[in-house]
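Let us start with two forms of the same protein chain, each given on its own as structure tokens and named structure 1 and structure 2.
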Structure 1
């Protein structure tokens, strides 16, 4: 008896009920799939009113100027790397998210919120290239950011991004690194670097310096060799520099910005600037 093998090459697909063209592989993300179950029409409308309710010049100018020419598409890496799929074009993303919300005045169901969250969080990097290609210079990413804010207010955010945000709330950096860990890492890297460069110093909390360097939290955590490399460069270049260890605000990767958690985002930026001001530093250098 021959065994009939059935191998299905096709993956399960997700098809939006609002936009038939929007077809994507099916994924499971608790941050999206579980949170949309908690939504009610009132909550959605409240969040919509909080973000789009007040008429502002920037939203008005963007919505009333866009003539749907599709020239922004050429700028988008998502569009170019997905065989020019129309649903990845920046203007299409705005159409499927902000315009749809505005057209329905926020009276939408959870299914659309899922689509919207998936589009703005997982298919746009907020890189601003589309604005540079738009004949009107419309700030498309500003609209995407507003929609992210709308999703954040509803709690519909991919789990990893939300988790990172909570890490920032708790520790002001991305990787759960404590202050003592951080100081310890810097001493360790100073010691390691000394074998290669004589008298290498990693100055900490030095006042009146020219440059204060804020690393990404991933550098002391997973790529510690970056620290002594940068230190060597600073030392050889003769730059008067320092790193901040006096409190927790030293991580420049402001992840709350990406989900538009304004409160945490503000705390981080304020912390960094206050530290620099306390040391009377002239310049801030951040790791990109």
Structure 2
């Protein structure tokens, strides 16, 4: 294993055995630290071939077109908020992850997988700012997404992200909220909102509307006041709108997208669009 700890006066420090310049605070996460113990060279190479086997030429084109101008770094909040440490620059993240995997043709050990997973999951928001600032429009986020997919197939994913993905697989929302609790919350927020806006309504499964609004599950679960706030805006603006309650697909956060669980993320998107089509809504409005 390529995990080393260096004890400083303040905290443990992680130093990569592959990238001498890569020094970070040591943070224990069972989704990374425990899962790499179950990896074998065969599993790693199989995941590499599944993800990168058909994308090698595209990735090489992106990496070899890069002129290292540094504009992507200036667009990255991780780079700027860490005193412009070059290891946080988007181009460095690509070099230490996808490029390293390709150079070794997937023949790497669990230690490097740990480094790669930590970089792509905890040091990048896949916000696309780097690609927008790149003078060639190179899609760096696409590469980071592929590496996340590689890690997902190996099960090496930060525990919280993996838990949210499992929640979506079981309940189609990120907070284990049952359908009955969700509907009860909508009725409750409609009643609460009436104290501030007379005749407030939160329409449910209304057909032929202008807008169907899909919230994040965290809103009815932990921030239910957002529901009636949105309802007040729609009502005052005179928008013909509705919310969905007829089936499980109403949470638009789609956390599986962030770890590149293609099957689950596509199931969520398909469910949202089918609900909108069923109600013959003209527009979809999503939180965030």
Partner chain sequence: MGFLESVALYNFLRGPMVWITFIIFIVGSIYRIYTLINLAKKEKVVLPFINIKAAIKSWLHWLIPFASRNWRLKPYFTTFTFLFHTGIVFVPIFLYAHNALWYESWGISWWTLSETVADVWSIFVIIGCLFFIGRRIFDPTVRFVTSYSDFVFVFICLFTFLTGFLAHYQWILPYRAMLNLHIMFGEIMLIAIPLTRLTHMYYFFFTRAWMASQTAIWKIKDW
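Residue numbers count along the first chain shown, from 1. Keep in mind the model is a prediction, meaning the values are calculated, not measured. For the two forms, the rigid core is made up of the largest set of C-alpha atoms that agree within 1.5 Å on superposition.
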*Pick out the form predicted in complex with its partner chain: structure 1 or structure 2.*
1
*Just checking, between structure 1 and structure 2 and with the core aligned, does residue 68 shift 2 Å or more at the CA?*
yes
